[in-house]
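This document opens with one chain alone, in structure tokens, the form predicted alone.
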């Protein structure tokens, strides 16, 4: 049997370790990672190997040559361009005339490959994917199988809100040769994104084998260090070239021609490569030192990795760090935990490198310097910049002017040179300060900015859906933390960024692969001031003006100091409404007022509405996207009630089409829609998914259970200002109080709760939920929703916080509470099993 080793990746995520060598050749205990894979294959009698190369192929060829030195036969295939994983294997088709195994060259695993192959044969599979369970499945492809291990669903690199299991694709496949006929010739084609989904769709024999043992994708520097920790702790046995020495209580592996003056200072597992000198009294614990290194007296190394030809001077202290080849560490220098120092770097005497700093190749750190941030190519502030479509952080602490300017440059680099983007902000002073830095970064990439200055976000979205701009951004104060700021990224249609767009910006930011415009070609700032009038005209065209003027309602609106207070009262007055506006001012020079406590604001609004005899009251979110409704008696409608009410009133108008609601909205929406011969489409809970659905020509209304609505005939985005006018129109047309209209909605009880759930448990929880739902009717739109006739329960991991949400709906309170409690108990039990 043959094996194909995938060894063509660029290793971008693990930089700077891959600055001079391809990722499969990174040393792991002084041997290339890929050598461990070759030996694993050989252990299971697979010696005929095809290596697929692309990036720096000569380094790999020079090491392995024809494979004879390692007891295998190697054939090299180097595609002329990046073909994707399956496309690259297709390029080796002429060597693959029998069943073969595909494995990545940068894995660390001890899986029993023979068992995988036996399973494949017994199942008569056309393709078998080796599976395993991990705590953090976000970076991998999640796979669901049935009882026979036949694959039923894929989810490629999900967000936390989409995780439905912790069982992932390990990148190890057993394939029949005829499968190559399904891969197009000369095209970029991927196993997990193209081939396997197509096989699943065609109901071909596609199976998943849950392997036992150790598996780690060494994809980034954290994972690289953690692989060492696992080996030190004995979680996987690895072949080590250096022979073991006879020291009681120590695991010392010493190479040839090593000078070791005081072995008593060594502790735990210590590997020292050939021709290395360890001079004087040192303290070294759980560390691997490469060949030709020198360690001077007084040095302390704890959980460290030193590649070849490095020199550590007297008294240096290094903790849990990686030192690449040809590095000099000065006398008394301190490298704190998580530091990565790339090749040919010199660190001066008494220098201090703070935790998690990465230093790219060929840098010179002066003596006595303290390095607190990454040096060139990447200042990694946290693992992922984006939370959905936005980047959020403490103003001037996490979102500093320097950070935001570089972020703007990364964003501008993703856009065509000379194109236009639309920008805006709220009235917060920090938003204004950081927006200027962000704009500077965009201009430096040769992209022009049309500046709407202070404006409500719905108006910016409205302008974006017309023409002229390829994207947009908006800076605003976070609702849940006045010290935090949010940068919202929008595409050319005014929709939230997709995850692919966000990852594109992140990739450029981390690589610092910025496009710098020539001095004569920077972008320009253009101010545009007539957008509000443009928005007003569209707003009035989409509203039944005569009905509103005839009704002449009095409404009380709490604007929460948002810029909407400068626009909406004028429009409502023009429509014949008598508007009593609360908190309806902003002072741009002094910044916004702090938003009042929501519940206190609602209680006050309730009293004012009732005492004034107004027909309705509205609490408008400071972002002008969400609202809370109060009827004439001052009764406050919760989010589910408001969605039900708006749906009921909207259906009364007789419009036909599709209503879009998130997967966790109550089923009464379908009941009402069916009566009026309308359809309902369920979406994922993310804003992007909702707005994509709203963009469909068939959708007439999109609504969430937190008070946000999109009326696509005006604009396919959440707009609290338009929703207020539309509610007045619908209420006036119905000619009955809102409370009476709500009473006509089918009765049901809707309960929800949230259970604390550590990030690393989310995948496991969802796998348990998936297994628990095998014999039940379940849907996987977002989270896992299990149906019991008219009742249902949904378990949904939160995208951005360490919680899992449980939602239940039933016809009465007792049944809903029973369902909610039952699944809350299950989730708590699964958590204990996973601890």
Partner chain sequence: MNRLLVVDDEANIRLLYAEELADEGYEVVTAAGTAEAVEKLQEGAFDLAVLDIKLKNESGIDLLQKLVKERHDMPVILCSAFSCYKDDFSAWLADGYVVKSGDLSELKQEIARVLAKKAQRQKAGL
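These numbers were taken from a predicted model, which means no experiment stands behind them. Positions refer to the first chain, counted from 1.
If you look for the form predicted together with its partner chain, you will not find it shown, but the lines that follow are about it.
- In the predicted bound form, its partner chain lies farther than 4.5 Å from every heavy atom of residue 247.
- By the criterion of a heavy atom within 4.5 Å, residue 529 is counted among the residues contacting its partner chain in the predicted bound form.
- With a 4.5 Å cutoff on heavy atoms, residue 541 counts as touching its partner chain in the predicted bound form.
- Proximity of residue 514 to its partner chain in the predicted bound form: non-hydrogen atoms within 4.5 Å are absent; the residue sits far from the partner.
- Of the candidates 122, 521, 533, 185, 533 is the one whose heavy atoms come within 4.5 Å of its partner chain in the predicted bound form; the others do not.
- Proximity to its partner chain in the predicted bound form, defined as a heavy atom within 4.5 Å, holds among 697, 633, 370, 573 only for 697.
- Contact with its partner chain in the predicted bound form, judged as any non-hydrogen atom within 4.5 angstroms, is confined among 462-470, 203-211, 578-586, 104-112 to 462-470.
- In this stretch, 480-496, the one residue having a heavy atom within 4.5 Å of its partner chain in the predicted bound form is 493; the partner itself is omitted from this view.
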